[in-house]
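Single chain ahead, written as structure tokens, the form predicted on its own.
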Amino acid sequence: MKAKSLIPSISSLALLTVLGAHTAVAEISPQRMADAIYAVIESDRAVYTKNVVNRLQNEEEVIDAHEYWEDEQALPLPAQMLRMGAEEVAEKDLGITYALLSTWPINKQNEAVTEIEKKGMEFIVANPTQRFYSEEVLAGERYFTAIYQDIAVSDACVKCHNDHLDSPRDDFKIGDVMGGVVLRIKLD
């Protein structure tokens, strides 16, 4: 299993930092960069879930969150917000991509496909407190790939996945790993 022990063999990324009139080069490992980016993604999603969806849908009952949010004049689901952010980042062509995938996706386009995605999903489900790190080559390009657990944190998460007609699984409980955020950093 390629987990944290792989990291020391991965070359570091160089970041250029301009400090006043001096230019300094600082290095950050792909793992540290991935962890930092994930912290932003996870925090944004948690803030949206708690302070927008939960407040407006569950506490104030002003508007619902719905998978067909555009047609239903509703809020996007937190997972949809994550996907929209990922699409915006991908359009910027920065060498960083991320996606929310699962072994049990409601939407089949969110299924783990590559060998590393499948191994990573198996690893985080079996080891729900650990992250998965590896390298892979996709379309001739080398990537550092990190996979982080997507945990069922509320009844809304569990109910949505268990009750959805397209869900291949209907026994999720709070605290279960429902999928993972796959974050890739281009190394070449």
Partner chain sequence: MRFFQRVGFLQYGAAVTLLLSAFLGYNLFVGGKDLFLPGSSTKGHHQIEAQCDVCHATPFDTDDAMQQACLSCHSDALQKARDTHPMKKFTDPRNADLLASLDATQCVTCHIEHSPEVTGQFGVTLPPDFCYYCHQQIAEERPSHEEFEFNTCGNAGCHNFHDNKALYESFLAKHIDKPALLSEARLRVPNAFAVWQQRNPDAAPLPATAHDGSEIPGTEPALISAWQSSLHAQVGANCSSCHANPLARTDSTASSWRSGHDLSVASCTDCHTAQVDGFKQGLHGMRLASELPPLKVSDARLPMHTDAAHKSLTCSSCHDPHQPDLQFAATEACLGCHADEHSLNYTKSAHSTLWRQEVAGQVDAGVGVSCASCHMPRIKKGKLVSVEHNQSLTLEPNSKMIRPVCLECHGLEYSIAALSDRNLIRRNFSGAFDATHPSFALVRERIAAKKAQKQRARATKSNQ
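Positions refer to the first chain, counted from 1. All values reported here derive from a predicted model rather than from experimental measurement.
What comes next is about the form predicted in complex with the partner chain, which does not appear here.
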* Structure fact -> Of the candidate stretches 52 to 60, 126 to 134, 139 to 147, 28 to 36, the one with residues having heavy atoms within 4.5 Å of the partner chain in the model of the complex is 139 to 147
* **4.5 Å heavy atom contact, M81 and the partner chain in the model of the complex** => no
* Closest heavy atom of D166 to the partner chain in the model of the complex, within 4.5 Å or not? -> yes
* Answer yes if any heavy atom of A112 is within 4.5 Å of a heavy atom of the partner chain in the model of the complex; otherwise answer no. => yes
* To do: Evaluate L75 for contact with the partner chain in the model of the complex, applying a 4.5 angstroms cut-off between non-hydrogen atoms, and reply yes or no.
  => no
* **Heavy atom distance at most 4.5 Å to the partner chain in the model of the complex, all of W104, K119 and D155** => no
* Structure fact -> Those residues of 70 to 95 with a non-hydrogen atom no more than 4.5 Å from the partner chain in the model of the complex are E70, D71, E72, E87, E88, A90, E91
